[in-house]
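First, one chain by itself in structure tokens, the form predicted alone.
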Amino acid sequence: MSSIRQIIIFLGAPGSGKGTLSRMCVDKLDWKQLSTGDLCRQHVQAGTEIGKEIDFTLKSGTLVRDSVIIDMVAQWLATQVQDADSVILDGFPRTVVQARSFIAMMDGSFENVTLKVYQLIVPDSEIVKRLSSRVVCSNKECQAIYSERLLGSSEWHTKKCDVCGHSLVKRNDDTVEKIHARLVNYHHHIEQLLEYYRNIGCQVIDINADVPTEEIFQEILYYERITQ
């Protein structure tokens, strides 16, 4: 029987700090984190049936079916977090369609679990600065994130990851043009998604994420204390 008390969704534009904040909550609060991007990569590398479909879909240049993502998340929740009190969903659900399917799955299997949404708010101009200067660990199992602005624009490529020692790389989609396109897509879905959560009575908490991660974490702690 699952001991999950609450499922927490971190909503925010790419580069708003969802992954970094999630890891801090995992390290300091012993929460569990689900990154659908990481989970997709794990399935592809393991050659599972889900992974084969994801790999074929991505190589075809199309989007992975919502039903595949939902099945993957349901499987992970059922098998990986039996002893978890709180679970973070990082990067999922991304659309109202995914959210509806996820809520239906929760109603069937996790009916006593509370759903809470934290929206991390960062100005688009800051998102562009963050992502265009982002470098990441080349190790697919690590993917630690660094900033070219802090490492030095002419020196970051000589640095190694502090976590695993692998080299650092820039992601292909972290160009200014692609970042703007991703932000357009994000804003297209986010208002509908927030409206859906509010309409079903889900608590949505707005967080200013244009501050150091430690300050964001402390605000999360505050809201966790007053909402339990």
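Source: prediction; values computed, not measured. Heads up, when I say rigid core I mean the largest set of C-alphas that superpose within 1.5 Å between the two forms. For every residue, the number given is its place in the sequence shown, counted from 1.
A second form of this protein, the form predicted in complex with a small molecule, is not displayed here; the remarks below concern that form.
Looking at the partner-bound form in the model of the complex, is Leu63 within 4.5 Å of the small molecule by any heavy atom? It does: once the small molecule is placed as it appears in the model of the complex, Leu63 has a heavy atom within 4.5 Å of it.
is_contact(Thr36, the small molecule) in the model of the complex, heavy atom dist at most 4.5 Å: Residue-level check for Thr36: yes, a contact with the small molecule.
Even though the partner isn't displayed, in the model of the complex is Arg182 close enough to the small molecule, meaning a heavy atom within 4.5 Å? Yes, Arg182 sits close enough to the small molecule in the model of the complex that at least one of its heavy atoms falls within 4.5 Å.
Is Asp173 close to the small molecule in the model of the complex, meaning a heavy atom pair under 4.5 Å apart or at it? Close contact exists here: in the model of the complex, Asp173 approaches the small molecule to within 4.5 Å, heavy atoms only.
Please state whether every one of the three residues Cys40, Phe92 and Gln98 places a non-hydrogen atom within 4.5 angstroms of the small molecule in the model of the complex. Contact check passed for all of Cys40, Phe92 and Gln98.
Within 4.5 Å, heavy atoms only, which of Val26, Val163, Leu58, Ala46 is in contact with the small molecule in the model of the complex? That would be Leu58.
Would you mind picking out the stretch of 84-92, 116-124, 151-159, 101-109 that comes within 4.5 angstroms of the small molecule in the model of the complex, counting non-hydrogen atoms? Stretch with heavy atoms near the partner: 84-92.
Taking the rigid core as the superposition reference, indicate whether the CA of Leu194 shifts 2 angstroms or more between this form and the one not shown. No, the C-alpha moves less than 2 Å.
Quick one: once the rigid core is lined up, does His180 have its C-alpha move by 2 Å or more between this form and the one not shown? No; His180 is a residue whose C-alpha shifts by less than 2 Å between this form and the one not shown when the cores are overlaid.
Tell me, please, whether between this form and the one not shown the C-alpha of Ile88 is shifted by 2 Å or more, with the rigid core used for superposition. After core superposition, the C-alpha of Ile88 moves less than 2 Å between this form and the one not shown.
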